[in-house]
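Before any questions on binding or motion, here is one chain by itself as structure tokens, the form predicted on its own.
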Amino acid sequence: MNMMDYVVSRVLQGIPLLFGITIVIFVVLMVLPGDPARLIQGEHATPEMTAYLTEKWGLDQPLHIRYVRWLSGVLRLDFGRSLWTNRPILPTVISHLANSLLLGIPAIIGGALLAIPIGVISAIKPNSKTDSLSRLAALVGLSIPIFWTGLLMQLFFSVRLGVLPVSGMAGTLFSVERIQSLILPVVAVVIVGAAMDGRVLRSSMLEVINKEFILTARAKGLSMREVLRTHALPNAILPFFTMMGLHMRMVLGGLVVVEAVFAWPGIGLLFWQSVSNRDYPTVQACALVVATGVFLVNLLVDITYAYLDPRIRFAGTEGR
């Protein structure tokens, strides 16, 4: 199976999955207790307004009719309007998703750039002072809750030193204000990401570095740096890519805590606010966009795996 056939097969396998996700998202939200038409009004709900909103939003129609109407809108990229702001939902979701990516992608890259040298050095010098220090730092990074790390950095760098903004997203793209507002939330995510990636890469390197082909390469006279660059690291990097994919899935809606602490207008914060406001159409749109993004990330990880290790894409053809 060549690479193009593998990609096509993975995409075709994902179509029924996405269709099933649309059913789950719609049904779960529609069968939750509570009347959206009444909840959106709060304490001042009236029977007349409730009946009007129920008819306007089609809540009085059978569930399958409402699902077909919603799905037809989704296929046209029309998620309707927010029940809370009365604005079109799709532009709002896309802008918040872009903000999450603006926060998450630098954090993922920064965590990886920090984890690779730490993981490699710890693996080639196991049980040394450097290894013990890196493992201790990783343990601390994974043990401290990310919201606590964010609050401590806000207290020190924003309140005490006054060199960085406390929260929010200021300025325009690539402006100094925007970069300053990114520093604290990015660092908070980098600490956790680097700790996880470094531990995974260290374990993978320790497993690979004792293989026979590594010993053979060393016996041929290759330097340790050359062995690591051409033999050990390429064979140990696959689990590392798995963690990168996990981090990317976290960015697509999983950074709610970071976005809440730093008031960063990402899709995770939008999802949480929409749930709090009983804005079900926006919740549905956020969930579907995040699910689609996770599918695309998984597809990218699978393609990367198949490219780095061709045995993966040929595994399905064995025995035919």
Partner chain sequence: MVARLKSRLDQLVQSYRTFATSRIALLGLVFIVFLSLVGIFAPILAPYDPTKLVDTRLLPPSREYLFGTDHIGRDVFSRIVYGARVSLIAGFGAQLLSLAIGMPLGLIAGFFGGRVDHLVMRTVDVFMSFPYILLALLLASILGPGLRNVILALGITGWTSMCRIARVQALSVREAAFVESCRAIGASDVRIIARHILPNSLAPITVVATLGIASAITGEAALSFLGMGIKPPEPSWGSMLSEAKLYLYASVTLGIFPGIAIMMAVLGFNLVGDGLRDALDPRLRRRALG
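Positions refer to the first chain, counted from 1. The structure displayed is predicted, hence computed values, not measured ones.
Below, we refer to the form predicted together with the partner chain, which is not included among the displayed structures.
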Answer yes if any heavy atom of W57 is within 4.5 Å of a heavy atom of the partner chain in the predicted complex; otherwise answer no. no
V176 within 4.5 Å of the partner chain in the predicted complex, heavy atoms: no
Distance check, L17 to the partner chain in the predicted complex, heavy atom within 4.5 Å: yes
With a 4.5 Å heavy atom cut-off, would you call W84 a contact of the partner chain in the predicted complex? no
Any chance S132, P145 and Q154 all have a heavy atom within 4.5 Å of the partner chain in the predicted complex? yes
Heavy atoms within 4.5 Å of the partner chain in the predicted complex: which stretch among 196-204, 73-81, 99-107, 86-94? 196-204
So the partner chain isn't shown here. In the predicted complex, which residue out of V294, V68, L39, M49 has a non-hydrogen atom within 4.5 Å of it? V294
Partner contacts in the predicted complex for 281-295 (non-hydrogen atom within 4.5 angstroms of the partner chain): V283, A287, V290, A291, V294
